[in-house]
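The data below hold one chain only, encoded as structure tokens and taken in the form predicted alone.
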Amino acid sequence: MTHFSMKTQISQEHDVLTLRVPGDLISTNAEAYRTEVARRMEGGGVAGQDWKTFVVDLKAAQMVDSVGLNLIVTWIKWVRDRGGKMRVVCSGGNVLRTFKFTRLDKHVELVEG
């Protein structure tokens, strides 16, 4: 199982909530990300601040499996329901191809970084 500290992976600066995934977004870590991001989106972030843009930084990811893709779709719905925007940053390769193949690039701002 992948271990990481969620406190160092999610940050908020002004109206941008950023999740940095330090590796692949896969079934072994997706539930931890789902739980922490849900808590932050529901107001558990920085006191007195609200976010308008949710950024998922997947630059370190080599792959996103079906569970990770399902989580991305969940986040797209959560963000859309709040009236916010979602941006996914990836380094290209497999992750970029996966987003284009599944047409998720039509639902998020996809940035190669």
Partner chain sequence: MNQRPFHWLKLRRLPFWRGGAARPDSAEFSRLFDEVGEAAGVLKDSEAGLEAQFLAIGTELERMAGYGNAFVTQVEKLVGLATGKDCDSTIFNNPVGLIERSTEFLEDCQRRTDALVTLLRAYRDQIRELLGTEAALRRTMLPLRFVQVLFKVECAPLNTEIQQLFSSLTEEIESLQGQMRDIFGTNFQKLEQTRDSLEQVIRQLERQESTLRAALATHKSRIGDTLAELRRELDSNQQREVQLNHLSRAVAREVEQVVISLQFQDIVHQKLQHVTAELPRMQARFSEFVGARQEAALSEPMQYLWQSCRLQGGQIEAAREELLRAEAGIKSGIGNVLGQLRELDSRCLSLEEFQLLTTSGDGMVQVLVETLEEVRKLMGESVACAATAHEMLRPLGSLASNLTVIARELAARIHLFGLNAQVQAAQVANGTQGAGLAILSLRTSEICGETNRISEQAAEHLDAMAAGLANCVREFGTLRSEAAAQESSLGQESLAQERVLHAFRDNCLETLRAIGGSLDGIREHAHQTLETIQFTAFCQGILPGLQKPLLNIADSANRWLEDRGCTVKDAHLIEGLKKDYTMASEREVFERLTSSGELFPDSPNPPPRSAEDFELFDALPTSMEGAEPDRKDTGATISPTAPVAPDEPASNVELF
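Positions refer to the first chain, counted from 1. Model, not experiment: these values are computed from the prediction.
Here the subject shifts to the form predicted together with its partner chain, a form of this protein not shown in this document.
For Val21, is any heavy atom within 4.5 Å of its partner chain in the predicted bound form, or not? Heavy-atom contact with its partner chain at 4.5 Å: absent for Val21.
Check whether Ser66 has any heavy atom within 4.5 Å of a heavy atom of its partner chain in the predicted bound form, and answer yes or no. Answer yes; at least one heavy atom of Ser66 falls within 4.5 Å of its partner chain in the predicted bound form.
Spell out, yes or no, whether the shortest heavy atom distance between Thr98 and its partner chain in the predicted bound form is within 4.5 Å. Although its partner chain is absent here, Thr98 would touch it in the predicted bound form, with heavy atoms inside 4.5 Å.
Proximity of Val73 to its partner chain in the predicted bound form, heavy atoms at 4.5 Å: Flag for Val73 set to yes.
Its partner chain in the predicted bound form: within 4.5 Å of a heavy atom of each of Arg34, Lys77 and Thr102? Affirmative, all three are within 4.5 Å.
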